[in-house]
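To begin, one chain is listed below as structure tokens, in the form predicted on its own.
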């Protein structure tokens, strides 16, 4: 088994995280025993961060003690894997949809480092109590998703911290080619004072998606 990043492993082409809740799944992933430890399969077609890792992501800012603000946590697939990694940290998970949040709450009850926040990511003042974080991770399918990410990063992200934005090009402009949309998103980040570190195309796992990694 090969270690790719802190807390992220690969065995026979399968991404894995060490299961912080042995015996429990968070979605449809397989549980894999290696030695006397249990790992969870990280399915890239169900997680944009997993897809980015499979496609060669080099910047991985999550560590054991990281504080993470996750915008658009949905039912918690990707947050569950980040939860496995930041065992001594906290993942503040913002979700706007009440129905989705109800499902996420079951996961948060099992994983105490996941903090559910029912709120609109466009209004970071509503969860100002979160404080400073090492990573702002955004997966919000909205036309102004880059502006939302910047707004949150300006309020919460530590200097030198990392902003990761999952871009769904069709949510921004259905008439434009994805590559053009990604470049426009990069420009917005640079214009706001961020250094774009890398952009990873997420196909074939996610059609017309990319992950942009920027530093404050």
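Numbering follows the first chain given and starts at 1. The structure displayed is predicted, hence computed values, not measured ones.
Omitted here: the form predicted in complex with a small molecule. The next part is about that form.
* Taking 4.5 Å between heavy atoms as the contact cutoff, choose which of 133, 107, 94, 86 touches the small molecule in the model of the complex. => Contact with the small molecule in the model of the complex is made by 94 alone.
* Asked: At 4.5 angstroms, heavy atoms only, are 70, 122 and 142 all close to the small molecule in the model of the complex?
  -> Yes, all three are in contact.
* Answer for residue 113 alone: is it within 4.5 Å of the small molecule in the model of the complex, judged on heavy atom distances? => Outside the cut-off, so no.
* Non-hydrogen atom contact residue 90 with the small molecule in the model of the complex at 4.5 angstroms -> No, residue 90 is distant from the partner.
* Report whether the minimum heavy atom distance between residue 40 and the small molecule in the model of the complex is within 4.5 Å. => Residue-level check for residue 40: no, no contact with the small molecule.
* residue 48, heavy atom within 4.5 angstroms of the small molecule in the model of the complex -> Judged by the heavy-atom cut-off of 4.5 Å, residue 48 is in contact with the small molecule in the model of the complex.
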